[in-house]
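The chain below stands alone and is given in structure tokens; this is the form predicted alone.
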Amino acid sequence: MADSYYDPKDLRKFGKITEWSEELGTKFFDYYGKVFEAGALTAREKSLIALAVSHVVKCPYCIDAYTKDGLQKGITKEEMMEAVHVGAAIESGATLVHGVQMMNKYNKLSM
């Protein structure tokens, strides 16, 4: 099997981004940590949202991280898959709604 472009071990190196830009890296991690604290949404709900978004943005590191996080927070495989489907539906809808742009352009040019 060929090596993957994404090395799962790199996820453990994520915190090192501060080495090349300490101020911005630190601000990012402060923000990131704050976002995932319980607020109007529980930490569990935020983890499930993060998992769905991870699939939409196609981030294998995020998928690994939030699958693990979700398991630790008691999210079931059925809830995870349903969240992935929600993300897929939104992404598909966003792609298809751009068809209106094409239809408008076609109608304008074919007059």
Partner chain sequence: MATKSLKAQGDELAVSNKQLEILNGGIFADGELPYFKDKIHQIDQFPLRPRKLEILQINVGYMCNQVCEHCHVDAGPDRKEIMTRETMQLCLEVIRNTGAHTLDLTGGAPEMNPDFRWFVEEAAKAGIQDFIVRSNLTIIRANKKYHDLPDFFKKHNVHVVSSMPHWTRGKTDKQRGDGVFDKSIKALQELNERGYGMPGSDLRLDLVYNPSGAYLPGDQGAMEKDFKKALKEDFGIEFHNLFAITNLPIARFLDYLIASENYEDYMYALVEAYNPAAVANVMCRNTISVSWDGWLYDCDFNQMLDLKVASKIKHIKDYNEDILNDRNIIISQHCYGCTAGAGSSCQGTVA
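Just so it is clear, the model here is predicted, and its values are computed rather than measured. Positions refer to the first chain, counted from 1.
Although not depicted, the form predicted together with its partner chain is the subject of the following passage.
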- Task: Flag residue 63 as yes or no: does it have a non-hydrogen atom within 4.5 angstroms of any non-hydrogen atom of its partner chain in the predicted complex?
- Result: no
- Task: Give a yes/no on whether residue 27 approaches its partner chain to within 4.5 Å in the predicted complex, heavy atoms considered.
- Result: no
- Task: Answer yes if any heavy atom of residue 74 is within 4.5 Å of a heavy atom of its partner chain in the predicted complex; otherwise answer no.
- Result: yes
- Message: Does any part of residue 68 reach within 4.5 Å of its partner chain in the predicted complex? Heavy atoms only, please.
- Response: yes
- Pull the contact list for 31-54: residues with a heavy atom within 4.5 Å of its partner chain in the predicted complex, in sequence order. 44
